[in-house]
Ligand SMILES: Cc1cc2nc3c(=O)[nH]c(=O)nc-3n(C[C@H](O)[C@H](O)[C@H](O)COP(=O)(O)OP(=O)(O)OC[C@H]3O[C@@H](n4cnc5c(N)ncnc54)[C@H](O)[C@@H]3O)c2cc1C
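The data below hold one chain only, encoded as structure tokens and taken in the form predicted alone.
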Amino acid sequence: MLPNFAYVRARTVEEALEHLGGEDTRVHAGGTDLLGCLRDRVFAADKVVSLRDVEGLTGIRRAADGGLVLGGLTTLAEVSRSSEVRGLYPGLAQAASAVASPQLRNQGTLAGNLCQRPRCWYFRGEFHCAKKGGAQCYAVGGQNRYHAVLGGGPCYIVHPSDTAPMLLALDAAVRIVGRAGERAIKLAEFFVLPEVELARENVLAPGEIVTEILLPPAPGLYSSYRKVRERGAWDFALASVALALRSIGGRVTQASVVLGGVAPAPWRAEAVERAIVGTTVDEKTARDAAAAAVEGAEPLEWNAYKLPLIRGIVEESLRRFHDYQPS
């Protein structure tokens, strides 16, 4: 059951910012994560500020440099269907279409997908875990089938977003607005690991809003997104991989490989990138690069199965890139 809270429908960004900033004031975009968090008592809210009536926060348009600007409140369904996204960044369309179910994609927003809270059942449940100020991460000695194998500790959450790994691979930036003004930062600087700060997953200050996602130009870019989940719909990723590659004559000249569902933040697989840059990604290269994807992994008792999953989807995705190249 939802707790009681005041509800404000802002008409402008400025009006929304006037109501935001308090510790227990929350932003309502699509609401697909917010309402679940309130119901599960993940956090409190004495006021919820809706952005749905604010003009200028939706839509997809070309930027002056040839990239795209996506409004933060653009729905995931709109992103997945956009002809411009499909044409320039097919991996992002694939990632958006892989989120949850059609109903949730019609409601959920792109910025909301980036900012959603972790789905760890200890964090969402009645446990005073480390992330909520407690003394321990219960996943370490508990049921940890869905938890992190990379970048974990002192908390082993995984970031639940499908679009975040792909946007990070695409070198996207986000425009953030708050009472202190406006700033734009690379998505690589947006996420926060538990070892840096336990209480939050990104750099947003109280009252700040992600208004736009900025994608750089994509000439000659190959992008793809591959997700493995237990069911064909609704489920979050057990593991996923986002590729953004450039090549000349089939030889990789630039690579960005990001893993999802396996770390507290979208995880840049730099060892994979090093293994494929300068190559034509034949079968051996794909296999060796996939093995490099799990370097430094530290699985818990019940989630070591993620390591062969990671290797499998990385190798499969690289083979598809190889097959895509003109003969």
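In case it trips you up, residue 1 is the first one in the sequence shown, and so on. Keep in mind that what you see is a predicted model, and the values were worked out from it rather than measured.
The next section is about a form of this same protein that is not shown, the form predicted in complex with this ligand.
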Legend entry - Triple contact flag 115, 119 and 234 to this ligand in the predicted complex, non-hydrogen atom at 4.5 angstroms: yes
Legend entry - Partner-facing stretch of 93-101, 244-252, 214-222, 146-154, counted where any non-hydrogen atom is within 4.5 angstroms of this ligand in the predicted complex: 93-101
Inset, instruction - Let me know the one among 29, 258, 68, 289 whose heavy atoms come within 4.5 Å of this ligand in the predicted complex, would you? - result: 29
Legend entry - Candidate from 51, 276, 293, 263 lying within 4.5 Å of this ligand in the predicted complex - any heavy atom: 51
Inset, instruction - Give a yes or no for residue 238: in the predicted complex, does one of its heavy atoms lie within 4.5 Å of a heavy atom belonging to this ligand? - result: no
Legend entry - in the predicted complex, residue 108 touching this ligand (heavy atom, 4.5 Å): yes
Inset, instruction - Verify the contact flag for residue 34: yes if a non-hydrogen atom of it lies within 4.5 Å of a non-hydrogen atom of this ligand in the predicted complex, no if not. - result: yes
Inset, instruction - Verify the contact flag for residue 142: yes if a non-hydrogen atom of it lies within 4.5 Å of a non-hydrogen atom of this ligand in the predicted complex, no if not. - result: no
Inset, instruction - Between 205-227 and this ligand in the predicted complex, list the residues on our side with a heavy atom within 4.5 Å. - result: 208, 209, 210, 227
